[in-house]
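In structure tokens, the next block holds one chain alone, the form predicted on its own.
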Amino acid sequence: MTCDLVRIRLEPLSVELKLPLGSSLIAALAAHGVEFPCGGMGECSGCQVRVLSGSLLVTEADSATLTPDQLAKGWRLACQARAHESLVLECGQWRMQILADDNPSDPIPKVGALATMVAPSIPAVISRERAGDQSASSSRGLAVAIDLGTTTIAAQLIDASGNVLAVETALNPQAAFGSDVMSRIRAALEGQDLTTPIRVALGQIVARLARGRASQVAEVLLVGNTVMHHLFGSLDVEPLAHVPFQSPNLAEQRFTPRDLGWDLPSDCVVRFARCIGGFIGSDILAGIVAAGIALGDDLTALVDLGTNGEIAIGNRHGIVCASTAAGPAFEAGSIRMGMRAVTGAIAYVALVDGTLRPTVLGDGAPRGICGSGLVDAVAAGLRSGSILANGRIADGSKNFPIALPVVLYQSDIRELQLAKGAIAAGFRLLLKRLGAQVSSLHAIHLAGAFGNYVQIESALRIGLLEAPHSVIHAAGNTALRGAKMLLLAREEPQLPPIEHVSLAADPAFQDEFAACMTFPENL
């Protein structure tokens, strides 16, 4: 059996893809760094592409979300598009200047709004470490922003205006030593070398990003959680192995390309931004900047849903933050038929007339289920009564069929309960720390890959989030966005006091965690 393929070229990166005729663009574009902030529901316009060659049908979501002028110019929502012929597409995310405010649907405050806080100054910023070095060439106007995650790596090459010139994504090679940060710490303490693999991998990523223009790269900025910060910098992780999980080495780390074996100019500055405390790293610091938490009086929250779940809540007067060991369930790492969001993964599940209707990435046969599909499936089971509030499968069986051969086991539901309970409990305790109620929140920004795709209705149904739907927004990769903002800033942002709260040391956490383990009775 043969399958007709169509060619898709993505500009401005000149990336070429081959997709089965009639297939959705989501999985292929996501693999190359395109974000889908509303989870591919066609509601936010964040995944706009412009048709430069070929044609894409105008869908109902296109008409509802985009203006007639945008449609006439060839703009479409990538999440709603299917490849029926060869195409050349311009990705709006890669063309957009960071300092522009040209996407009114974006819930994240624009960098322009940060002008008084970070004093943007475009061309000089990227080489600010050499301010006073008159020999620095004006052509040195490129920089690399890297979000080093526990599971995945995302990196972008940007110019002095914030335009994205190249994108690279990859899996973190440290995954061979375990899927979560505690496994990585244990491996490092047992004498395993987790520093060399990540430095080599990132060096290769930077080389691909800067191919043909490495001499123009003036700075590389990395952000990541505290364990990634320590392992990349070859710092001692032993203090992070036990309560109170506090390390004395939270400061920014600086390197030369020679230190790392990277093929970049000798005076290029490589920085790993500072951590906040405990397992709260520079990815959350960057996220706080990207979400504009420190800009006003309104109480705003950032929730990064990943292997190590992080929460920050505050305003310009102060911010509290905490990390909680959610485990790999949100990325389907601990699920028996779990898999990454690639072809064959069930990414969404709807309940239609009492029947589960799964959406499979790549439009083929289901092979497993990813994190967003897991949350959808359990939420659908709760709505139908197939799953009880205590997490038990109602008919007493040990599995819950989604789309054969893919099923959820009782243990999978328990893993999700543990993960969502940890996040919900941490959120409750931080609000109590502030003396605030959920009703006080102006906005909750969901960050990270999982937060980018999870359906908010499903997150509410399982009790992962406890807030009005209207204040919750998918925010995409705030760590990477914040890193770019920091690269374009003349000075470090003057943030309010940030208090790190150690949930492990809070005697109320276990009781709150136990209370958050069950699913809401009726929503």
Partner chain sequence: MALNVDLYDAILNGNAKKAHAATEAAIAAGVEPMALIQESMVPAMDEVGRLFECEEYFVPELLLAGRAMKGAMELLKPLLTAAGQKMAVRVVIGTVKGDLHDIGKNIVASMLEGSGFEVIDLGTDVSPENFVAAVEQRKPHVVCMSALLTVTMPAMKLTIDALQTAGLRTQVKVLIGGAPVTHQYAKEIGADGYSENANGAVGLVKNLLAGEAA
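Numbering follows the first chain given and starts at 1. Just so we're on the same page, rigid core means the largest C-alpha set that superposes within 1.5 Å between forms. Worth saying up front: this structure is predicted, and the values here are computed from it rather than measured.
Keep in mind that the form predicted in complex with the partner chain is missing from the display, and what follows is about it.
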property	result
The partner chain in the predicted bound form: contacted by all of E60, R186 and N390, heavy atom 4.5 Å	yes
The partner chain in the predicted bound form: contacting segment from 167-175, 286-294, 307-315, 238-246, heavy atom within 4.5 Å	238-246
The partner chain contact at L21 in the predicted bound form, heavy atom, 4.5 Å	no
The partner chain contact at S411 in the predicted bound form, heavy atom, 4.5 Å	yes
4.5 angstroms heavy atom contact with the partner chain in the predicted bound form for Q417	yes
Contact test in the predicted bound form: K398 vs the partner chain, heavy atoms, 4.5 Å	yes
Stretch 279-300: residues contacting the partner chain in the predicted bound form, 4.5 Å heavy atom cut-off	none
Rigid core fit then G344 CA moved by 2 Å or more between this form and the one not shown	no
Displaced residue check between this form and the one not shown: D297, CA, 2 Å or over, core reference	no
Shift of A188 between this form and the one not shown at or above 2 Å (CA, core fit)	yes
CA-CA separation of Q80 and M337, closer or farther in the predicted bound form than in the form shown [shift of 3 angstroms or more]	closer
